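There is one chain below, alone, in structure tokens, taken in the form predicted on its own.
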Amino acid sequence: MKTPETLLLNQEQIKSLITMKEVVEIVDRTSKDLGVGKTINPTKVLLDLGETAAYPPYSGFMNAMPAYIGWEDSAGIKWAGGFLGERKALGFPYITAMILLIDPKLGFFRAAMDGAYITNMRTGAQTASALKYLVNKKKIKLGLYGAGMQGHTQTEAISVLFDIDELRVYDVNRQASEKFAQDMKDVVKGKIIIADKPEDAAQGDVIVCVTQSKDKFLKNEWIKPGTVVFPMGSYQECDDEFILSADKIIVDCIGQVLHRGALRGLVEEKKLSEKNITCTIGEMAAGLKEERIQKNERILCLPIGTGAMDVAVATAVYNKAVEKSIGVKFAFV
């Protein structure tokens, strides 16, 4: 048997093959599959290239994120990370990523493709999908920290499932907020308010943090009952008092959230552990748990990001590319 060729797809080709609505649906389907154990998602492996480590001094990190997607019968891995430092100085986007897909029966490489666009899309879709199981209304008010690419895709994804009645955005760079407001004016059905102070954005049914901040800037006293908070960044973003007093903590992958993101520091200090986690998004999506927010509750939701979502979206892209004869075939062997 001749070794099959591998399909190569660049970012522009991927953009032509998938919509945010489709990504939200794929993420939701994969969450359900995770909830019933049909999708396999090992915890990501971190290579710290100076993000927090003293050596090497490159202000970045890379994650290896493998997964098998049961409902698509597909497997693959995303190699992805974020870099500040010299990369930022040269004007390149923070996220850099590639995705490899394999035939899970024979191990042949089906595709190699850009992963940055899929990363941005599925991260937004994870928030939207989780919200579907956490709030009871169609119209919501949103507070957003971070007006960059992730801020855009979070807003776009949430708009697939909800009408955003009001969006308050705060970014340390006001020009970024102004650009965001202009870019999103046709996506957000309600009004967009640029917050002058960080506390001014902490209003609404949902608060989403997509920043590169290492400061615990979101304060407990700002967060009112009836609010769901999504700290999506690699660091904590919200203060210890809120995390420790949240009525529920809902996550995408228990193994990952204990070692990265908002919970990491408190876990290391032994102030939090797995027993403090209410459930996973997959359990809610599969109908195994019901955790819709009550008026007197504050919920912390942490979709740190799983390889399963990337591989699932990449598989859909690959299937469409094959159907439409898009991409370049390459024989590695």
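Nothing here was measured: the structure is a model prediction, and the numbers come from that model. Heads up: residue numbers just count along the shown sequence, starting at 1.
A second form of this protein, the form predicted together with another copy of the chain, is not displayed here; the remarks below concern that form.
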To verify the annotation, which of these, Pro104, Pro198, Gly190, Gly226, has a non-hydrogen atom within 4.5 Å of another copy of the chain in the predicted bound form? Pro104
Exercise: Lys38 in contact with another copy of the chain in the predicted bound form, heavy atom 4.5 Å: yes
Within 4.5 Å, heavy atoms only: does Phe180 come near another copy of the chain in the predicted bound form? no
State yes or no: in the predicted bound form, is some non-hydrogen atom of Ile277 no more than 4.5 angstroms from a non-hydrogen atom of another copy of the chain? no
Using a 4.5 angstroms cut-off on non-hydrogen atoms, would Leu90 count as touching another copy of the chain in the predicted bound form? yes
Tell me the stretch among 121-129, 253-261, 147-155, 108-116 that has any heavy atom within 4.5 angstroms of another copy of the chain in the predicted bound form. 108-116
Within 57-95, which residues come within 4.5 Å of another copy of the chain in the predicted bound form, counting heavy atoms only? Tyr58, Met62, Ala64, Pro66, Ala67, Tyr68, Gly70, Asp73, Ala75, Gly76, Ile77, Trp79, Phe83, Glu86, Arg87, Leu90, Phe92
